Each structure stands twice: as C-alpha cells, then as structure tokens.
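Quick setup: one chain, the form predicted alone, written in structure tokens, and binding and motion questions come after.
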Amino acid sequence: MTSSVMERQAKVAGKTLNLSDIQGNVVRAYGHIGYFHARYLFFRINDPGNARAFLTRVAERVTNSAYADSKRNTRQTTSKASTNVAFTFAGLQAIELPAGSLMGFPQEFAAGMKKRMSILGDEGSSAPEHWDNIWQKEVHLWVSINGLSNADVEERYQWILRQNKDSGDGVELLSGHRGAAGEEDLMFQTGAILRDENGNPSGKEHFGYRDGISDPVFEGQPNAPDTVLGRGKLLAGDKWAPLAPGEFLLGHLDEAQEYPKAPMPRSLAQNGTFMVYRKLHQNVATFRRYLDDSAAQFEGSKEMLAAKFCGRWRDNGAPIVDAPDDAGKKCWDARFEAADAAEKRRMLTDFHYNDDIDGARCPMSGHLRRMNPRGSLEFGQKGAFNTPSALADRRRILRRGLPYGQSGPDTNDADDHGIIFMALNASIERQFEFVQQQWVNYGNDFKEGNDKEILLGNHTGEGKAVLQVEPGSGKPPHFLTKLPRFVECRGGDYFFVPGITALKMIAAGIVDPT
C-alpha cells in the first residue's frame, strides 16, 4: 500500500462490534463467503406459543456475523448454509411483544411498505395491486436461507419445515410468489448470483452492470481499514473514514452522535437493524431496446452511453468519472489490468465528483451519483461543511440481496427476472425512504428539477434526463427523452432484524420494556 493511500485513510477511534450478536449478512454480505444461492420464506404466525417454540429451535442455528472477521472465521469453518430471521411490525404484534416495546418502533416500520407507497413512488405498474400474491396477504415473519449450493439450501429448507412441524405448526408458510414458468403460487422466492459464459459468478444484474461494489464501510467492520477509500465518509483533505455504526446498527452512536430511535428495553434493539425487502422486476427487453435506440443518437459508443446511465461501465465496473469516454476507458483498463488486487479494489471505489461538479462525466441523474453523491452536494463550495459528504452520510444504506430469474438474448419484459433488493439501515425513513423519494424519483437536490434517476425512477414514458457536457466545450447536452420504466416493484415490506440475544428473548417471551 502506498504512503499516499495510507495518508488518505483517516485515523479513527477503534470500535469493536460484538459480531456474534449481529445476524449474518449485516456486517458483511454473504456473497463474500460464496453463499450465491438463496431462498426467502415468509410466514404467518397462527399460534404465538408454538411460534415461539419454533423460533427457539431456529434461533439455535441462526447465523451471526462472526465470519466477517477473516482472522476468526472463514468460509472453511462456516456452515454450508445460513439462516436468518426478521419480523414485520404485524409479526411482532402476532407474537405478543409487549405493547410498551411495540410503541417504541418508528412509525414508518409500523405502517409497513404498502402504506408508504406514495412516498416510495409505488404507483402505476409498481402499485401494490400488481404485486405478487404473497404481498396481498399479511406477512409476519421472514426467514432467509443462503447457501453454497442449491442442495445446501434445500437441506436447510427441509430442516426449517421440520422445526415448525415439531413445534406444533405455530407458523404457516405463505405461498404466492411468481415463477419463471408463469407460476403465481410458489412457496418461496429464490435468488442466485448470475454467471458469465464460462459459468463463473459474474456479480452482475440483468441489465449487465456489476453490482455491490461500493457498499458503505462503517466502524467496527473487521476489514474497514482496507476498504474505506471511496466507501466511507469523505473528510476534508480528501481523506476517508468509516461511517458511524449507528447508521446501520441500533444501540450504537450514529453520525449525529446520537442513538437511533429504537424500542425498549435496550437489549431488544441492541445490534438489530431494519431491513427493506423489495422484489424489483427488471424490464430487460425495454432497457435493451431503449439503449439501442438512444445510442444511435449519441456521440460515443453504446457502452459509453450505458455507463452514463449508471455511472459505471458494464464490463468491469470502471467508474465513469475516472474513465469518462471511450478513449479514457482504454487508458483506465490498461492501468487496471496491470494493477494488483488491492489497487484494483481502490480504483473501483476511490473517487468523488470534486472535478465533475457539473456532471459532465457522471450525469446528475446517473444511478451512482443519485445513490451516493459523495461530496458533490457542496456544488463546488469548498469548505461548506467540515465533512464534505455531510449531506449524504446520513442517507447511506447497506445493500444486500441477489438477482432472481434468467434473461437470455431473447428475453421479454414478461419473463420473471430482477433483483431481490434488501437494504439495511437504522432509520428506514431517514435513509431508504429519503433516497427513494428525493434522489430516485425527484432531482431537485441535484439541480435537476423533476428529473428522476435514470435506471430506478418511476418513469411514465414522458420524462427526460440530461447528460451534461463540459462547460465551455461548445457541445450541446444530450437529452434522454420519453424514459420508460425500467424497474418495477413486485412487492415487499419493512422488517426488524433483531440481534441474536434479542431474537432469543422474543422466542422465550421474556421481553420486558419496563
């Protein structure tokens, strides 16, 4: 590691997390340990006593985050499959959590995703009446299984079903998931990493972009010092530091040096988090057709235009702010090819928009810029904040989940394919909902008026986005017009992911808010 890189990793006070008390897939994504296959199960609680007996059994095999510390645990010592558990607010009511504890949960979580549809822009084809049948029912409990293979996932699935039967069927597995063959009533939602032409994990989603490169880094993550560049918070002097853990974990201080709103007792919230689960259908055929048609009018290659949509090039994830055109991409690729693993990782994440305030490289409506504007909301006003990325640091979310379905060359929009999107944050309202409402479906913070984010915006076929050019270049901006909806919501809800101790308290029925 070069001295300049080390100097840009700001020293921060040491923070140790109790990884054994935090559910797996929170501190570090399961993809890092080869869990490329998943099933998501949704239950209704019919008998709270027997449901608690079921949870007591399952809790003994719930996966924690100890694997995130490679010095303590690696893939070789982890199970072939994981199990994790989360509750909707209705689920916590159904399992008879005390009213004093229920009253402490945030109002957006208590309301649930469906009732927040106007904030999320879930209208038109994304409206709840078009969601999978499972979401027309009241969901109480989410149980996820991730595994090294489909066989490993199947084995854990059968084990979970046996625990329910042996506990007196206190919970009911709900059907209603759509499938690739037109099914409407499947018993679970699957997810799996997409593979390239050689059968290797590609890390891409159905539009062809690499996913999950710049997930936030926060204090206490075992690998934070090595991964903080471009993934933490941007400080003065071009330095990066991990975000406060309270942005993602309850019971810890956040970026405001406050504890996130959480239920009582404190042990119920400690090391827990809130999860946003959304099944996002991708209209792959529409995307490909729109890209082809727009490329015919664009000054640059089709792949350069695709990179403008996202903020990254599709083949290797090169950030367009550092590889701004076809010629620049060739130079970036040459440096990337010659770099070692650590330098490659740095090149993919270590960037900001200080030299692209006008969006000439990464457009203001590009996906990457809208999801994490880094320090660019200062709009060139150097020193406006002690922390240049202050306006973005409290909007960050941890992204988890996997693609589902397949999308071959002849796919159409009716095929069942997309992303199981899961966002983890300490405040659904302040973090996920704000980004979805203000940065995805509205553009005023980016001086783009009503222009939505290009890929995820709830377009109606009438909207536009502007691809800016260098001021003074004499070139006109490029307009994307009549933007169709590339991504539709097919269902989801808000979940509370308790820490391991809290899960066992819920299962034992010993939560006491007094």
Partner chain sequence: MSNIAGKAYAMNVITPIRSRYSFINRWLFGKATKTPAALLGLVTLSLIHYARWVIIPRNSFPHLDASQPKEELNYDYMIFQSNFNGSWAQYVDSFTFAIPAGLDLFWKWNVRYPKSVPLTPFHDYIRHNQIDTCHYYSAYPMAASNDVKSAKVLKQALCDFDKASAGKPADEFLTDYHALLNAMQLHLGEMRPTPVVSMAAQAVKDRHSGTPEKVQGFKGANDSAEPVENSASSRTPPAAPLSSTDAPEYS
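Positions refer to the first chain, counted from 1. The model shown is predicted, which means the values in this text are computed figures rather than measured ones.
Below, we refer to the form predicted together with its partner chain, which is not included among the displayed structures.
No residue in the set 142, 169 and 185 has a non-hydrogen atom no more than 4.5 Å from its partner chain in the predicted bound form. Although the partner is absent here, residue 31 is not a contact residue: none of its heavy atoms lies within 4.5 angstroms of its partner chain in the predicted bound form. The closest heavy atom approach of residue 159 to its partner chain in the predicted bound form falls outside 4.5 Å.
In the predicted bound form, its partner chain sits within 4.5 Å of a heavy atom of residue 468. Its partner chain is not shown here, but in the predicted bound form it comes within 4.5 Å of a heavy atom of residue 358. The contact with its partner chain in the predicted bound form, taken as any heavy atom within 4.5 Å, belongs to 434 out of 434, 287, 336, 240. Taking a 4.5 Å heavy atom cutoff to its partner chain in the predicted bound form, the contact residue among 394, 352, 345, 417 is 394.
Only one segment in the set 22 to 30, 473 to 481, 35 to 43, 53 to 61 has residues whose heavy atoms sit within 4.5 Å of its partner chain in the predicted bound form; it is 473 to 481. Interface residues of 431 to 445, taken as those with a heavy atom within 4.5 Å of its partner chain in the predicted bound form (partner not displayed): 434, 437, 438, 442, 444, 445, in sequence order.
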